[in-house]
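Quick setup: one chain, the form predicted on its own, written in C-alpha cells, and binding and motion questions come after.
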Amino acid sequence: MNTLLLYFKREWQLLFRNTGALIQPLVFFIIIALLFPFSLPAEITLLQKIGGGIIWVAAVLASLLSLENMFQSDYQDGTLEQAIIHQRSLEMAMLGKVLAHWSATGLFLTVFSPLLCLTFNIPSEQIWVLFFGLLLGTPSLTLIGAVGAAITVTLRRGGVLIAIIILPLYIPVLIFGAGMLSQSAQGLEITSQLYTLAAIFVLAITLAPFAIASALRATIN
C-alpha cells in the first residue's frame, strides 16, 4: 500500500506540472460531444435517445487520447527501468500510477458529463444513470488501456496500435454503459448492467496490474 500511495502521489505531482495532460482529454471529450447536436436535426426526442451513447463514445475516445503518454516519460527518463529492478512491487506501483491517471482524466470526464447531458435535453433521472455508469466504467477503460500503453511503451508513435489493441476490449464497457441509459429511458431495471460494469471493474483492477507489469518487463527487458 505504501508503494501504491507513493506512486499515486508522484503521478499527481507530475500531472499538475503538465497541465496540458489534464486539459487535453477533457477538452476533446467536450468538443466531440458538442459536435453532434450541431450536426443533427434539432429534435428533442432524437437527441435524448442518442445523447447518452454519444457521451459514452466521447468518453472512450478521450480515454484513448490520454493513453499514449501514460508511460512514455517514465520510459524515456529511466524511471520504469528502476521500478522494474526495485524491490517494491511493480504491480502495486503501476496500479497507483494508473489510478492517479484515471483520477486526472476519467474522473474529470465523469464530473463534466452532467453538463453535457443538458445539451441533449436528457432527463435528470437519466443524468444520474449516466453519471454512475461512467463512474464505474471509466476506471475499467483506464486500467484496460494501460495494458495496451505498456505493450507499446517502446514505440514512439504507439497511439494507433494502442487503439487497435484496446478498442475491442472497450466494447463490453460501452455496450453495458450505454445500455443502462436505454433501459432507464424505457422504465426498466438497470441493475444487471450496473452489476456487469462493477464486475468488469473488479476484474480489471485485479488483473490489469499484473498484465501491465508483465508487459513492461517483456518490452523493456
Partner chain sequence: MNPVSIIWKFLVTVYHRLGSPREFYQIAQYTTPIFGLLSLVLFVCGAYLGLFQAPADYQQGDSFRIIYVHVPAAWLSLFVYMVMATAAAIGIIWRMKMAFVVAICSAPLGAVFTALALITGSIWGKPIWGTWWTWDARLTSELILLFLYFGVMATYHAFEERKTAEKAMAMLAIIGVVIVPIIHYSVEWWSSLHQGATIFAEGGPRMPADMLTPLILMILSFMFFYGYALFLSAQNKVLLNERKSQWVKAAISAAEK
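Please read these numbers as outputs of a predicted model, since none were measured by experiment. Residue numbers count along the first chain shown, from 1.
If you look for the form predicted together with its partner chain, you will not find it shown, but the lines that follow are about it.
Looking at its partner chain in the model of the complex, residues 103, 129 and 143 place no heavy atom within 4.5 Å of it.
For the options 95, 122, 147, 116, the residue carrying a heavy atom within 4.5 angstroms of its partner chain in the model of the complex is 147. The single contact residue among 37, 172, 159, 53, judged by any heavy atom lying within 4.5 Å of its partner chain in the model of the complex, is 172. In the model of the complex, its partner chain lies within 4.5 Å of some heavy atom of residue 154. A residue is said to contact a partner when one of its heavy atoms sits within 4.5 Å of a partner heavy atom; residue 196 meets this definition for its partner chain in the model of the complex. By the criterion of a heavy atom within 4.5 Å, residue 48 is excluded from the residues contacting its partner chain in the model of the complex. For the chain shown alone, residue 27 is not a contact residue for its partner chain in the model of the complex, no non-hydrogen atom being within 4.5 angstroms. Heavy atoms closer than or equal to 4.5 Å to its partner chain in the model of the complex belong, across 202 to 220, to the residues 203, 207, 211, 214, 215, 218, 219, ordered by sequence position.
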